[in-house]
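One chain comes next, on its own, written out as structure tokens in the form predicted alone.
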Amino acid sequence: MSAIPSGKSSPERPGLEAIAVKGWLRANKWLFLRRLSQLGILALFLLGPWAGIWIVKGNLSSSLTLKTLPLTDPYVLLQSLAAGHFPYRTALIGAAIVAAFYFLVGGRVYCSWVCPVNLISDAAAWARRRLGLKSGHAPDANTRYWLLAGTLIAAGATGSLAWEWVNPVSILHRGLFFGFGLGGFVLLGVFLYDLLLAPRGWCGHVCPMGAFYSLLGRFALLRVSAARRNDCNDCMDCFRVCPEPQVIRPALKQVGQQSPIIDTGNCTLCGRCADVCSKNVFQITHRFNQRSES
């Protein structure tokens, strides 16, 4: 592999130009904040069983914070209802709180700022870029919506939360508490699937949780805007790091829309496009900020 010129990005190492212009910290600001959020949330769940400090009891499916605030994954609640189990009132309240939050800020925020499996899929994407792997084909993006419907049908057919037995998020949480066992192969499978078979395949094309949260945040307030799109130098770094690169083109290149807003529930608001752009084309704003700045 040839040496990479100083300050110039490459397909294997997007963002080098941004680092040269903005400095390492500003060129990784949103990535750093996301990791802090993901690991911090995991730490809150682990403090109880590991250190006896019970700030949060439960897991990402259902929890109680400070013995007061119930939080329930609305997707798990839907599975429970499909299975014929009516939840307790606290579960309904918890699901309403979580649904309202993601409806406001964006459903896929769960995927990039909360979900611990995102650490695995991001690691696979990083390894894929560094190894220069080009082969592989992701399934149709609608696959995850069919799987979402399938998990609800499976819950109704079995009378149980069938998906939660194989859900990588649930497996990861159980593994941290009780040991991974065979569940570790599921997590390894997600990594290898994204690395070798389908770029960004799991989160972007397969995961039914991602499908559910994309529907929940379709009309959310927070949005990414390509406000300075006229300054774009076509380096393609944003496309290389985006977990849902298809969402960028309409706003950046004015394909089918004039607004600079990425107006789709599939955007995860991860902020990586803003991080790696040396021209500061992207910003996280709200859906009513329709102006371009250049």
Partner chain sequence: MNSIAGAAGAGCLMALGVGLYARQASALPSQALRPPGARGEAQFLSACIRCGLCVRDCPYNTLKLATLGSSVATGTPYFEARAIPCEMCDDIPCVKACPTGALDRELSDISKARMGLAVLTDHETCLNFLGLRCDVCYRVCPVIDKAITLEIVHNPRSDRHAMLLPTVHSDYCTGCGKCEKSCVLPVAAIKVYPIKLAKGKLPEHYRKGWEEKAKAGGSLIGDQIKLPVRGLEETAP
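Small disclaimer: the values here were computed from a predicted structure and weren't measured. Numbering follows the first chain given and starts at 1.
One more form of this protein exists, namely the form predicted together with the partner chain; it is left out here, but the text below deals with it.
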| property | result |
| --- | --- |
| Candidate site 57, 72 and 150: all three near the partner chain in the model of the complex by heavy atom within 4.5 Å | yes |
| The unique member of 61, 266, 28, 225 whose heavy atoms fall within 4.5 Å of the partner chain in the model of the complex | 61 |
| The partner chain contact at residue 124 in the model of the complex, heavy atom, 4.5 Å | no |
| Contact label in the model of the complex: residue 179 to the partner chain, heavy atom within 4.5 Å | yes |
| Non-hydrogen atom contact residue 165 with the partner chain in the model of the complex at 4.5 angstroms | yes |
| Contact flag, residue 174 vs the partner chain in the model of the complex, heavy atom cut 4.5 Å | yes |
| Answer range among 82 to 90, 115 to 123, 98 to 106, 211 to 219 for contact with the partner chain, defined in the model of the complex as heavy atoms within 4.5 Å | 82 to 90 |
| Residues of 121 to 156 having any heavy atom within 4.5 Å of the partner chain in the model of the complex, listed in sequence order | 140, 142, 143, 146, 147, 150, 151, 154 |
